[in-house]
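Read the single chain below, which is given as structure tokens and is the form predicted on its own.
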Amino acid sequence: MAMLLAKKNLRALLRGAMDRKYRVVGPVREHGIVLFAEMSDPGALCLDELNTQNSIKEFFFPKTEKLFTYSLGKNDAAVADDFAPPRTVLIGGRACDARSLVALDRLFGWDYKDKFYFARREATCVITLACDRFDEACFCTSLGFGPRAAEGSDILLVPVEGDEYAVEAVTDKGRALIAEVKDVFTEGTPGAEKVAYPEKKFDLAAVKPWLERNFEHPIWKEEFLSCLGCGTCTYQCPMCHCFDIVDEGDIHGGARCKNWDSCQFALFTLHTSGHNPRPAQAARWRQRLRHKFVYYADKFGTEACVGCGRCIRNCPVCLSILDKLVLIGREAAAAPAQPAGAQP
């Protein structure tokens, strides 16, 4: 027998978590936009949209966070670090969101283990929903996985006939939460799965070789002139992870903070001398694609993109990474790659 959750009991699941002192994060509608946000009322859960405008990244790697605070005395200094993340249930992410966490685990545990990120990961139970629909910006299948992939989830809810979810407990953390709120679940035989798979749009295996060999290809100037450098694509991407560290305070003390940054900003690579090795937006977009599909893949064995489509839906000038990947696939199939140019 399988474990089932009636859709009408979804909010009861959240209420049970709240009653047990979990912080609950999920999709809510704020000012007409559906966002992941902390919830105080399970009734605020909004699953009307395919996906949220922001990603789950910010609940593990916040926009800004204090690494420590400090106070300065006449002859001494005091430092305090009292970081303790709350137990959290994060619900409503999709397979693409959960997959991004697996990739970020590799990054933040690479040469230095980021204790802030991993403390939040350990404190959070991720409940993912398999997708029963998709739009023109979705391309998870082109990246080698699909809308019901369980990787990165603690609990996967798969929509099935009968207005229910089939419940897959993926990790011990997920099984522990299910045991805590077991009254909302039932046992039975699930109906047919209602999962929607986007069409595969490009050949992923062709992208990396083409990018490696075409650093100076005309495509960069021809296709990316409209980019404004606003950083929307990187801030809403569940995989982009650039940050800066600054001290914020005065002569009496302050805090050392980690703040999001973006390779799409002109200041990101501006040297003190005034030289900028990426002086134009085309070069910054080239860096974005090469980082996602070449550099990150070389280091961690997977792409730094999960096909969620947020950067496409929210770009103010409608630049689509999917369109560019499709174009690169056509270029790779149509002609031999050009010789490699200078490296960044």
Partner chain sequence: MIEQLRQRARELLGEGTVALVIGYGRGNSPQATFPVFIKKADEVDRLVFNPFCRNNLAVYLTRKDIMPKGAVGLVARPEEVRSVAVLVQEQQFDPDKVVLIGVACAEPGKEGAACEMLKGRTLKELEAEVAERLKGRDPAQEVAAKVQELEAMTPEQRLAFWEKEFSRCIRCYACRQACPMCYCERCIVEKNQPQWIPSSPRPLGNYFWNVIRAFHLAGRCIGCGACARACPMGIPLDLLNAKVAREVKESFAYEAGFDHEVPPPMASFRTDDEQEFIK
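Numbering follows the first chain given and starts at 1. Computed from a predicted structure; not experimentally measured.
Another form exists, predicted together with the partner chain; not displayed. Remarks below refer to it.
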- Task: Name the stretch: of 191 to 199, 234 to 242, 122 to 130, 207 to 215, exactly one has residues whose heavy atoms fall within 4.5 Å of the partner chain in the model of the complex.
- Result: 234 to 242
- Site test, Glu161, Thr171 and Val306 vs the partner chain in the model of the complex, non-hydrogen atom cutoff 4.5 Å: no
- Message: Going by heavy atom distances of 4.5 angstroms or less, which of Glu38, Asp41, Glu49, Glu65 would be at the interface with the partner chain in the model of the complex?
- Response: Glu65
- Note on the structure: With the partner omitted here, the residue among Leu72, Leu270, Leu107, Val102 that in the model of the complex has a heavy atom within 4.5 Å of the partner chain is Leu270
- Message: Taking the partner chain as it sits in the model of the complex, is Asp81 in contact with it (heavy atom to heavy atom, 4.5 Å or less)?
- Response: no
- Does the 4.5 Å heavy atom contact test between Asp114 and the partner chain in the model of the complex come out positive? no
- May I ask you to check whether Ile219 falls inside a 4.5 Å heavy atom distance of the partner chain in the model of the complex? no
- Message: Taking the partner chain as it sits in the model of the complex, is Gln53 near enough to touch it, meaning that at least one heavy atom pair lies within 4.5 angstroms?
- Response: yes
- Message: Given a 4.5 Å distance limit between heavy atoms, list every residue of 268 to 301 close to the partner chain in the model of the complex, or none if there are none.
- Response: Leu270, Ala280, Gln281
